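Quick setup: one chain, the form predicted alone, written in structure tokens, and binding and motion questions come after.
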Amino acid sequence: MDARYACQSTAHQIARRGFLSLLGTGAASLAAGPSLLAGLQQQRRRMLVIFLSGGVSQLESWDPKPRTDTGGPFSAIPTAVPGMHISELLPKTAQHMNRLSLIRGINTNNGDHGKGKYQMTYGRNQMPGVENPHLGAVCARSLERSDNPLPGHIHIPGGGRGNNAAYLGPRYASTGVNGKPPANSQRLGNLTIEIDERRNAFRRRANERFLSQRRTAETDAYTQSFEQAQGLMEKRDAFDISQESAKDHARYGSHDFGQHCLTARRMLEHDVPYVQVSHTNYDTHNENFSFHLEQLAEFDAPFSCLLTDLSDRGMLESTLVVVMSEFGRTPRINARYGRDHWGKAWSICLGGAGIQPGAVIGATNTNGTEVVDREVDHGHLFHTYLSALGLDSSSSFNIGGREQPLADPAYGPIDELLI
């Protein structure tokens, strides 16, 4: 066994490559004083997922096959990386590919929407009666900011809390937001700050008395939710994209996806560990080419804006960005000019924190019907994400004395993609 995987550790251990770097930076920070320490604080890692729901076609995005029997009508265009080509439907994204990389050898061997989404966001196959935490819950727990009252696991768009943290507990479940402050997060106008503080002080005393006699995981979660809600009220404006400039609203576009990307930027700027944005609908069994022409045009400009802003703000090097879907689409074009579900040979795009820029991992054959080089699946991807975030993906959470692996121990990361 590779020595790098031999040591089991806690969830908060940092992968050795990140740990050695952190030691060196930390020592320099102590010598240099508060200004460099503040800079180090900004390098805490976070993750942004853009989920293209329905199954985006790899042939119309990351792995075009023009002038083949499966290629369809669109051309491949050069990118900022010499020799790397992507679909002409992504001209703005093509200019950023020197910051991004492609994984073209994915085979999840699955064509079911629900199972595919589970594979890609939980890193495992869905099994009856088995609950695992969502990638966002794993990130929220592992990258937790004790000084940040905002939820650590955010989905855009959405409303309310999800039920996707499994044994990690409701604290790390997803919170859905829509670019506005959460409902009921503003202090009532007839309630003074002094009275509100007295109410909360009384609540805490009552909770402490109760917990001293009947403390359980449920009562801890109940207490924590109140404390988080109070802190969130103080930072409710973090969710409000109406505070962004008119220029930024125009840059991102007035359509929902553009505004959702602007919301995501705001969440990342407020140091939320995991943000997921959904764009739908790519389930193109009919008129695949017309739908992708429209959908990817809507995706391309806001995504490009988001990458530009993260880079300009010095955040891209600490933000892992992944554009994923539940599967790809069939190389074969059906009788309705559509492409069907396809999990045997498809692609994702990723970049930022911990990822080698400008790389292409894996390859499919001439017409995209099978993987011919460096085949990987969702298990490898999940390990890769965690490793890129500076975590030891082979480590475990200790839940009530029981070790729960962060990722499926049968797999490991795509090492050649990691910095």
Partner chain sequence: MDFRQTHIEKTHKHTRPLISCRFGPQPDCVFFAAEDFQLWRWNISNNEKTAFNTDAWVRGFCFSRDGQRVITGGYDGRLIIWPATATAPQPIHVIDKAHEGWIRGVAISPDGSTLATVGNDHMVRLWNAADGTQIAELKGHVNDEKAIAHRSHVYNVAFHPDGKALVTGDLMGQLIEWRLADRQPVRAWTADSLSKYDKGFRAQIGGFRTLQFNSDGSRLFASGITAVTNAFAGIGNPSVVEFARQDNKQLVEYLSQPKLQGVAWGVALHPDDLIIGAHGGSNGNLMFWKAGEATAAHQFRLPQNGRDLDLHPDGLQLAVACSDGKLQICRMDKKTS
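Residue numbers count along the first chain shown, from 1. Because the structure is a prediction, the values reported are computed rather than measured.
FYI, the form predicted together with its partner chain isn't displayed, but the following is about it.
- Judged by heavy atoms within 4.5 Å of its partner chain in the predicted bound form, the contact stretch among the candidates 346-354, 66-74, 383-391, 364-372 is 66-74.
- Shown without its partner, this chain lists Phe239, Tyr172, Tyr282, Phe303 as candidates; in the predicted bound form, only Tyr282 has a non-hydrogen atom within 4.5 angstroms of its partner chain.
- Asn334 is the sole member of Thr308, Asn334, Asn148, Asn125 with a non-hydrogen atom within 4.5 Å of its partner chain in the predicted bound form.
- Under a 4.5 angstroms non-hydrogen atom cutoff, its partner chain in the predicted bound form lacks Asp248 among its neighbouring residues.
- Using a 4.5 angstroms threshold between heavy atoms, Gln295 counts as touching its partner chain in the predicted bound form.
- Contact annotation for Ser290: at least one heavy atom lies within 4.5 Å of its partner chain in the predicted bound form.
- Using a 4.5 angstroms threshold between heavy atoms, Asn286 counts as touching its partner chain in the predicted bound form.
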